[in-house]
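The chain that follows stands alone, in the form predicted alone, written as structure tokens.
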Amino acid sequence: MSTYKIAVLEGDGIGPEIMREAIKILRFIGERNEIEFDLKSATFGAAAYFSDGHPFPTETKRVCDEADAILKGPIGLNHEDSKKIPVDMQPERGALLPLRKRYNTFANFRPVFLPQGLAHFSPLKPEIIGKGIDLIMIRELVGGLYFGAKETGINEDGKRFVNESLEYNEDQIKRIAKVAFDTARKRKKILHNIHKSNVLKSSVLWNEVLEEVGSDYPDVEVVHILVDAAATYLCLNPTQFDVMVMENMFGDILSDQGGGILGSLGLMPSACVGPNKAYYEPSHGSAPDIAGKGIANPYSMIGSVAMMLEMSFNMDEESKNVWQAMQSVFSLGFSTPDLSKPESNLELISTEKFGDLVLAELKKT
């Protein structure tokens, strides 16, 4: 029997309740395939700060270091509660960015997938969605403005100032470009390169290196598009995209917009992949306003399990089965209150019930 060690970081807010449903699916997959998923839970985020004094405790680092993959729930607090934590210890700065840096998870995959049968979730018109939306955003995750040098202080005029640097080198760009080209080659062989080279020198270098890498992929068509235009076209004509590649901040913003055109970030899981380890997480936040109410949809948490099965454990068929099972639950007319309004034609169910139905559908495959 094969054994895989998985670090389980429940996170904050709705994290624990949606993680329970994801673990339910993962355990069944393990039993069916005679695989032992050795799950090790550890604190992470705001909950870890209040219990351990640090959002990324030493013990959590040890658990993650020993794991074959990391399954992470959403982290963070509302604005007022965040003030209770020192700025540098707040979950995003004190836990998330260090997690990415520790494992060099430079490639972020965020699928934006909405089949025609689920078009009712989207705010876009049916004629724009057409036969469905199926694209993937690939975001460079450990460079750029978020990881550049930062300085705050008082200038010569006595005014407060901040200086943050957007830094990339050609090696960082080259490796994410290769990931994007490889992904495009496996799909429709078209790659949209998102940039802002009319203003940013970083984008000029980005484009130069991407074109150099592209010479090794003559079968992949490259379409260059400014980030602001890409934001517009995601609303007006999202079906033109298949694989999109972009730097860190552009990816942060556009992937949230991707959730918007689906109708919710609750429908967008993600994978963050490094040379030796990956972590998998929902793209949405911890939703503290609905935490504990049992109304959060676990789709993106379970979808993160599906991505982990494929990308870390080479279980492609079981990954497809999980995706199919979740789609089937929606197709049967079920949803959770966070994704659908009472006046919809869907039967609104709890977080736990949604997980149970996904499991029931999965057992049919």
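Quick caveat: nothing in here was measured; it's all calculated off a predicted structure. Numbers for residues come from their place in the sequence shown, where the first is 1.
Not pictured, yet referred to below: the form predicted together with a small molecule.
- Note on the partner interface in the predicted bound form: the residue among 144, 285, 214, 259 having a heavy atom within 4.5 angstroms of the small molecule is 285.
- Though the small molecule is absent from this view, in the predicted bound form it lies within 4.5 Å of a heavy atom of just one residue from 71, 75, 137, 184, which is 75.
- Partner contact region in the predicted bound form: 289 to 297, out of 238 to 246, 198 to 206, 289 to 297, 216 to 224, criterion any non-hydrogen atom within 4.5 Å of the small molecule.
- Here the marked residues 92, 100 and 338 all reach the small molecule in the predicted bound form, each with a heavy atom within 4.5 angstroms.
- Although the partner is absent here, residue 266 lies within 4.5 Å of the small molecule in the predicted bound form, judged by heavy atoms.
- At the 4.5 Å threshold, heavy atoms of residue 96 reach the small molecule in the predicted bound form.
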